[in-house]
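In structure tokens, the next block holds one chain alone, the form predicted alone.
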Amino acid sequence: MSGSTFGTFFKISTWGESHGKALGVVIDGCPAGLPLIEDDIQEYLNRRKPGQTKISTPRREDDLVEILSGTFEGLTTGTPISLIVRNTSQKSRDYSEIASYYRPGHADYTFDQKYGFRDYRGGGRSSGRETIGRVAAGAVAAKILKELGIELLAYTKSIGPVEINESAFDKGAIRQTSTCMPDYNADQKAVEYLASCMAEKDSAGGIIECRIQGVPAGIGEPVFEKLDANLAKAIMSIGAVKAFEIGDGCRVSAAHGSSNNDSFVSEKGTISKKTNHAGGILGGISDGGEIIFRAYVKPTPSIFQEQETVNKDGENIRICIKGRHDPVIVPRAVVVVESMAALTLADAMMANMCSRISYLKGFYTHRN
């Protein structure tokens, strides 16, 4: 299977299946000298692990990470970093029945068509647990970016019809609410909405928003490696994400140029914009403003209602899916979105080091 590697300079390769012995990632291109211990990565993994709230799957996994290589005495060595998280709560028998049919909304049918074979235990590589490797690597990328003064903040903007109130935005609430909403009132309403979905054996989708501050102007390429295009690819590679937008997104199609253009202003020798309809990126290159984008997440496809489908013999059947599933994917996907953004940006920052001869001369002629 190809397509499990992401990045050019800061490159990752994820591996493992939902019900295999373990999952993990190999990071190639992390510079030497970065302080890194398992707790740095565990903090991120704790944000996505299951079984923590009533609106999360009851599957309980500690998701404890081990650093197998690439560090010495708490610092990265510049060699490949290998990270592993062992599976401890598989119940493959819950999935034995689905070996004979295709679940609606899942990749069962497409996997069979591509490979002629699939790991039906929890979806194999299509499972949400595949994101463990992404998040573990994203924690390392985010730490690199923090060294450069760049901060990422992702959160739940909406679940179903419930959307946060920007005037009630509370950054601290993101880690406190079960929905990862920065609005306690919206969180309560969303939990009530999800309770009604669960009572009807149904699920919900939502929107994740991500804000990135501290990115200097000039990051990204003007043609095929645009920063917004690469962010879109990274975010759309997350299994449950069905749409991506940056800045005003789809609303620009109904705007006028006079209202959509961000006017530049110079104050005390610093150039900035009066507005940020573009979302911090112009022509595929960062403009120095806050980068803001949104990921639209579909409802969890595994629901407990009876559904129509087809078995491997081509017969029409009706099914009721068993197992342990999230009624909403959004809260646990927040850190995945943040991680994929960090991976994309770390790679772009490294690529930018060779965009000017002055950058190379500045480094190689002033080395100690």
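These numbers were taken from a predicted model, which means no experiment stands behind them. Numbers for residues come from their place in the sequence shown, where the first is 1.
The same protein has a further form, the form predicted in complex with another copy of the chain, not shown here; the description that follows concerns it.
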query	finding
Partner proximity in the model of the complex: G205 to another copy of the chain, non-hydrogen atom cutoff 4.5 Å	yes
Distance check, A32 to another copy of the chain in the model of the complex, heavy atom within 4.5 Å	yes
Another copy of the chain contact in the model of the complex: N46, any heavy atom under 4.5 Å	no
Touches another copy of the chain in the model of the complex: K274 (any heavy atom, 4.5 Å)	yes
Candidate site S167, P182 and R332: all three near another copy of the chain in the model of the complex by heavy atom within 4.5 Å	no
Listed residue (I281, I98, C210, A139) with a non-hydrogen atom within 4.5 angstroms of another copy of the chain in the model of the complex	I281
Contacting member of Q188, Q176, S237, T88, with respect to another copy of the chain in the model of the complex [4.5 Å, heavy atom]	S237
Partner contacts for 101-117, taking another copy of the chain in the model of the complex and a 4.5 Å heavy atom cut-off	Y102, R103, P104, G105, H106, A107, Y109, T110, F111, D112, Q113, K114, Y115, G116, F117
